[in-house]
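Consider the single chain below, provided in structure tokens and representing the form predicted alone.
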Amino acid sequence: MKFKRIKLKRIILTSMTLLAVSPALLAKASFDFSINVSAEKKNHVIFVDDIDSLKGMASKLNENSDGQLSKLIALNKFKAEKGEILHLQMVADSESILIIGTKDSDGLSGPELQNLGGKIASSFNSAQDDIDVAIHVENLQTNEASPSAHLAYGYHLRHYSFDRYKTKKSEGQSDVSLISANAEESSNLYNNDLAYIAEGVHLTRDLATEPGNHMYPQAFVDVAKAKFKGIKNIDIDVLDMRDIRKLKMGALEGVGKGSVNDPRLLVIKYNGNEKGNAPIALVGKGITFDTGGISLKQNTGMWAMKSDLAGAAAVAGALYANAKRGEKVNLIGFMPLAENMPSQDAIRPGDVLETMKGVSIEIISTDAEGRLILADAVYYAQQKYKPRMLLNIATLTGSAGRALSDEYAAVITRDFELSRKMMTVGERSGENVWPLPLHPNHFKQIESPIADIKNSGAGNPGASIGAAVVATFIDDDLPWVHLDIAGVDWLESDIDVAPKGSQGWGVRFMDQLVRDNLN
């Protein structure tokens, strides 16, 4: 029988160019969605749920190898358990066959499919090596209408390498065909939607991985302007030190005073809906490097404080994804940017800062700086743009990571029912959150004897205390979500959809939040 093949739109993935130097990600991938596989493919991915009854391409490969495939499966004691992987080389005419177990995987969710896509990219070492592979989507039990798109999305998320400063670059080229009955629908979903989220995640990783001597407030602004150039319905405002002082943003100014690099407030507006519709506001902490200021951190691990801008980077990534796919929403990102450095001009413990709201803050620790820059940013967002919902995201407190490890980001709201909704957002996006409390006593703990509030509780810089500081600047009747991502933003080891390092956490969560709250 003559096989039928639909050749659909292919997309080439490349990285942005940061700071007019060579791109961080040189590895590329292309995705082709087809009904049947072309004869020249030598690498295959098959999903198996029953080793005693191989079906589809698994059965064909076994037949082509005169039963060698099933014998190797038995020899390697492969049980086809959910997520189990067996990678075989030189079976019949195939250079390699990647077998992934799907036993007892009834109704795989979108995030589970994305994890499988990431496993495939990782198994083929996609960012380093050239690979030409066919993924056979049959035998997957899922409620998703276009599982191929989610597999490609997960592959794209994992297909990342930051090697700008290495002599030897990662130049792996992946040519991936996804074989399924609904190829056209999968192509449309991936190319017109999910690919943009993955690109937003990669943007976030790039920003959070750049070393501090290359990534400072104005550099962040320059990268964002270059990335958003030419995208429809985007307006960008940048508040410099003169604007910050004019608006009496004493908290943002104070944090940045110790650095030779002045602070900025970057505002990216995406106008995807009617002008009169109130926007959703996303506010991300952007400390481009955090020494702790006068309350100097220990040197151990301080190098990782280049990623203390991860909240702002995630906001940029989420804005990018929504704008590129043309989401019908008004969305504004606010990125307060500052470098927290010790110098003769730096703020000291015991100083008092005046905020844009007029609330004065006594500084207990200059290392509790993220809540300070958020204070002015969230108030500015409310006063100027009157949002219908506000989410702020920050690598704010180590206590959030100690409480929830690297499995969950902390979510804090005034309304526990809203926190429960955020948990479902996390489950559907693949970025899980868990609620922490916001109690009236937390506000009592930040009362100051000489100012309105202090920026830290006495000896207790906990996640809820940090949230209470930010909440002081949030209108009581505004739906507000506080995300503390200090435990999840930086990976010590690989996961399915991200290599170690910055995982770009928050882009997928905020993207799902926006989808759930369209006008």
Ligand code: BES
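Heads up: residue numbers just count along the shown sequence, starting at 1. Please read these numbers as outputs of a predicted model, since none were measured by experiment.
The same protein also has a form predicted in complex with this ligand, omitted here; what follows describes it.
Trainee: Check, residue by residue, if Ser161, Val201 and Asp206 all come within 4.5 Å of this ligand in the model of the complex, counting heavy atoms only.
Mentor: Looking in the model of the complex, the three residues Ser161, Val201 and Asp206 all stay beyond 4.5 Å of this ligand (heavy atoms).
Trainee: Only one of these stretches, 261 to 269, 289 to 297, 89 to 97, 438 to 446, has heavy atoms within 4.5 Å of this ligand in the model of the complex; which one is it?
Mentor: Single hit among the candidates: 289 to 297.
Trainee: Taking this ligand in the model of the complex as the reference, which of Ile46, Ala486, Val481, Ile474 has a non-hydrogen atom within 4.5 Å?
Mentor: Of Ile46, Ala486, Val481, Ile474, the residue with a heavy atom within 4.5 Å of this ligand in the model of the complex is Ala486.
Trainee: Taking 4.5 Å between heavy atoms as the contact cutoff, choose which of Asn62, Ser456, Ser34, Ser464 touches this ligand in the model of the complex.
Mentor: Answer to the contact question: Ser456.
Trainee: Does Ser399 make contact with this ligand in the model of the complex, using a 4.5 Å heavy atom cut-off?
Mentor: Looking in the model of the complex, residue contacts with this ligand include Ser399, since a heavy atom lies within 4.5 Å.
Trainee: Is Asp367 a contact residue for this ligand in the model of the complex, using a 4.5 Å heavy atom cut-off?
Mentor: Asp367: yes, in contact with this ligand in the model of the complex.
Trainee: Any chance Met241 has a heavy atom within 4.5 Å of this ligand in the model of the complex?
Mentor: Residue-level check for Met241: no, no contact with this ligand.
Trainee: Residue-level contact is defined here as any heavy atom of the residue lying within 4.5 Å of this ligand in the model of the complex; does Met305 satisfy this criterion?
Mentor: Contact check for Met305: yes, within 4.5 Å of this ligand in the model of the complex.
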